[in-house]
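In structure tokens, the next block holds one chain alone, the form predicted alone.
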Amino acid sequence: MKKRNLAIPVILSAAFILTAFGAEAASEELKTVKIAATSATAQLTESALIAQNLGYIDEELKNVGYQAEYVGFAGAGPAINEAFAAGEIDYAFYAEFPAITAKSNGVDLKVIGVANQEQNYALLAGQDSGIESAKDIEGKKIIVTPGTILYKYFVELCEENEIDVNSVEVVNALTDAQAVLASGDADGLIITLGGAKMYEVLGLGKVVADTTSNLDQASGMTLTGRTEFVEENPDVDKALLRALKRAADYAKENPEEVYDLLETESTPAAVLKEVYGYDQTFSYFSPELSDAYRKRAQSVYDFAKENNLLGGDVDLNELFDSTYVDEVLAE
């Protein structure tokens, strides 16, 4: 009897070791999916950042046998497109403008969802610039980079205020915007609403116009993947989209907690509340490729085509594929 009793802990120990080994082996068997972010730190943005911080992306990927490797790109869209073309990444959270330009140049991509349907932009008037509204930019020096989504908003501002674009001096100094504004060498800046609000806090100027008053001028932050990977791995597509849906649901149910989850080293929660607070339902965080969002994407495409920024025509119905997100939203 004693021998049998002594054998029990030995058997249990062996079982524990095998179980622990099996768990470790299972963890090691997770495949890796490479996800690009538009920051050097590989921190995601918009609802994807909420999903990242709350662990939703890791949870959903693990459920289908994957783990995320986040890859940061300080060079944002252009650098991510190069990585897509080289097959070095599988997905990216970035704007539709670079996705469209990449597709037009032969990089086979699919936009399968969005992390924000309403990415907003703003006109920041520099201190002592004399700019009180968008109507005052005629004859002024405005920092904006030609050939970008920011330039699209600049052109639209001029058009709606009946200003000849050529009457505004464009200053291509976005990377040095803070110094140029502070020196008075430019009168204003076209930038994301979040960036503009931060410059306000720094005392560099004030926001005098933004796209929240006309959401047709906004764009979006997409979940885009390499077509080959997307089509071969529908479980991964839907796992990422489930994570985004969970993040959107969380934002809707916990609006006051969203700003802390979106906070970064460069943008505090108090500023983010001004950026996103115009609609605290956070409906724009839904990953759905909605009709309203598709209309904005069409506007971006039309602008790029009219300004000869594309390598060729793009079928937006092919690029924007709602197959997977529709399945997730129907679950």
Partner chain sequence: MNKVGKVWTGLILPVAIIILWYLATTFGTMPASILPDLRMVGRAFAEMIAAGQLQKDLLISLGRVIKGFLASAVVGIFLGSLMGMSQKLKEMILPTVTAIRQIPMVAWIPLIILWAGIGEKSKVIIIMIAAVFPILVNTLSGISSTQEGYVEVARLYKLNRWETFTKVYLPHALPQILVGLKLGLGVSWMAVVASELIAASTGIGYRMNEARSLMKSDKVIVCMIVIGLIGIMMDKLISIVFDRLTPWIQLQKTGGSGSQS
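These numbers were taken from a predicted model, which means no experiment stands behind them. Numbering follows the first chain given and starts at 1.
Only in words, not in the display: the form predicted in complex with its partner chain, which the text now covers.
Option touching its partner chain, based on a heavy atom within 4.5 Å in the predicted bound form, out of Ser213, Asn254, Asn161, Ser183: Partner contact (heavy atom, 4.5 Å) among the options: Ser183.
The single option of Leu150, Val168, Ile131, Val171 touching its partner chain in the predicted bound form, heavy atom within 4.5 Å: Only one option qualifies, and that one is Val171.
Close approach of Glu232 to its partner chain in the predicted bound form, 4.5 Å, heavy atom: No, Glu232 sits far enough from its partner chain in the predicted bound form that none of its heavy atoms falls within 4.5 Å.
Its partner chain contact in the predicted bound form: Ala179, any heavy atom under 4.5 Å: Result yes; Ala179 sits at the interface with its partner chain in the predicted bound form.
Touches its partner chain in the predicted bound form: Ala209 (any heavy atom, 4.5 Å): Outside the cut-off, so no.
Contact flag, Ala85 vs its partner chain in the predicted bound form, heavy atom cut 4.5 Å: Looking in the predicted bound form, residue contacts with its partner chain include Ala85, since a heavy atom lies within 4.5 Å.
Interface segment, criterion being heavy atoms within 4.5 Å of its partner chain in the predicted bound form, picked from 119-127, 216-224, 85-93, 199-207: Flagged stretch: 85-93.
Output flag, Ala79, Ala102 and Pro146 jointly within 4.5 Å of its partner chain in the predicted bound form, heavy atom basis: Affirmative, all three are within 4.5 Å.
Sequence-ordered list of residues in 107-123 near its partner chain in the predicted bound form, where near means a heavy atom within 4.5 Å: Residue within 4.5 Å: Val107 only.
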